[in-house]
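Below you'll find only one chain, the form predicted alone, shown as structure tokens.
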Amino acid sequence: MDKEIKKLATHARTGINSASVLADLEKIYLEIFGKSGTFTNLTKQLSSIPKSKKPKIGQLLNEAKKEIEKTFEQRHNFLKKKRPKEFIDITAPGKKLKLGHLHLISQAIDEIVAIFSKLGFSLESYPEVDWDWYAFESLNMPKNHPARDDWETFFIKSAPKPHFGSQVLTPHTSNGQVREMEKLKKPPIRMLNIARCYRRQIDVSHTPMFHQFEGLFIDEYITIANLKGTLNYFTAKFFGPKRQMRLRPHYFRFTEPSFEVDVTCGVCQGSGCRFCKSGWVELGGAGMVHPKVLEAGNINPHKYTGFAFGWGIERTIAIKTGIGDIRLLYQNDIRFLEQF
């Protein structure tokens, strides 16, 4: 085996010294010391050699390895010095860095805030973890009322507080309505509340955490006409002038009368298709603020009236862009996000 070692060392030196560029040198090194290299295969044969000869063969292998590596280092240093210096044109323009952009939800939030700010609505923020009273009871949904089941709420494990009850992850941004009334104490009130909400739902149109925006307008002589005019303005600005809006009678505990807000389908423009079935798609809920909700916020329902509306930002984006599954918004797939 000692002859094979000497032959390998000679062959390796010849190959290394014949390399004219660093890339060839690296290739030769792998052919010798790589996983299936000639030197590596030779060392694997040590296990089949008698014990009496192993020390001598092992010493020869170590000496050969050191010699080959020394030759490699010398040739590497030589080729490195010989390599021509890279020309740098200092007058050439620099390469522009790729810039990211805001997430689609952030873009929608900015656009919604800009639209309603022109109508005098001010952006407010209220807790995402709130008391049961603000999330339900102050909104005319007393304890054990079946209407609470629609929200499939996440309750926080905490000691209940007198009058306010337990803590919950807010299932809607409506918890900000009474808080805004308490803060301002007296109308006029024009509030836009945008926050994360939580419900125990997940499918193509629901996620356990989602974003919602809430509008509240309270003043003297406010009517359904004001509500409809506001939502018509929003629809035209956010979805485009070709999209129409309608109010469809519905039932909510915290508004009376109450409406579902529909907009014409962006796929068929209201003629009816497989996506919308009827030409309309449901956007969210709205209505005139219930007198009991005004009373909970210490507002005189005999003097003041108001309207409220609120729906998911993800749903609003889906209706605008035609996304069939809002879960795509949270999968961080760059191929999807780059389209917006």
Partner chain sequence: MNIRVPVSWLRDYLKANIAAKTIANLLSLSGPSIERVEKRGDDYIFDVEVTSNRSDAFSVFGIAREANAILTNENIKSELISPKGLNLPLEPDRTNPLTLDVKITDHRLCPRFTAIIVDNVKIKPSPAIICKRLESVGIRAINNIVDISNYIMLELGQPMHTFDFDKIKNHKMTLRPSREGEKIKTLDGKVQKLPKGAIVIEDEGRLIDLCGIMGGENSQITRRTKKVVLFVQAYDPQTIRKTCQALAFRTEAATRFEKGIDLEGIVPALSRAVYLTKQVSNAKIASELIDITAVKSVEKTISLSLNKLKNYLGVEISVEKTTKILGLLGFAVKTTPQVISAVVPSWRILDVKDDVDLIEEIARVYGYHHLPSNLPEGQIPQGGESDLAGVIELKKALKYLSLTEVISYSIIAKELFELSKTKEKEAVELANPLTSEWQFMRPTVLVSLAQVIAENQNIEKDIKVFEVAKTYIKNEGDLPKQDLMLAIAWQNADFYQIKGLVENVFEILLRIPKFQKFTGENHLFEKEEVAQIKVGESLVGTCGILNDQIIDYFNLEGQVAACEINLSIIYQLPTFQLSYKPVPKYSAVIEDISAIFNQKTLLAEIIAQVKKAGSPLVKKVDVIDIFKDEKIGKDKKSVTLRLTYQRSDRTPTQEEVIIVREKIIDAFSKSFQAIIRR
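Quantities reported herein were computed from a predicted structural model and do not represent experimental measurements. Numbering follows the first chain given and starts at 1. Between two forms, the rigid core is the largest collection of C-alphas that superpose within 1.5 Å.
What comes next is about the form predicted together with the partner chain, which does not appear here.
Although the partner is absent from the chain shown here, none of M141, Q244 and V281 has a heavy atom within 4.5 Å of the partner chain in the model of the complex. Shown alone here, G94 lies farther than 4.5 Å from the partner chain in the model of the complex, counting heavy atoms only.
By the criterion of a heavy atom within 4.5 Å, E124 is counted among the residues contacting the partner chain in the model of the complex. Mapping the unseen interface onto this chain, E182 falls outside it, with no heavy atom inside 4.5 Å of the partner chain in the model of the complex.
Contact annotation: H76 falls outside 4.5 Å of the partner chain in the model of the complex, judged by heavy atom distances. Between the partner chain and the residues T235, T71, N226, S205, the one pair within 4.5 Å by heavy atoms in the model of the complex involves N226. Shown without its partner, this chain lists A135, V178, I189, V263 as candidates; in the model of the complex, only I189 has a non-hydrogen atom within 4.5 angstroms of the partner chain. Only one segment in the set 41-49, 287-295, 55-63, 23-31 has any non-hydrogen atom within 4.5 angstroms of the partner chain in the model of the complex, and it is 287-295. Looking at 108-129, the residues that come within 4.5 Å of the partner chain in the model of the complex, counting any heavy atom, are I109, D110, V113, L119, G120, S122, L123, E124, S125, Y126, P127, E128, V129. With the core held fixed, the Cα of K35 is displaced between the shown form and the other one by 2 Å or more. Once both forms are overlaid on the rigid core, the distance between the two CA positions of H163 between the shown form and the other one is under 2 angstroms. With the core held fixed, the Cα of L97 is displaced between the shown form and the other one by 2 Å or more.
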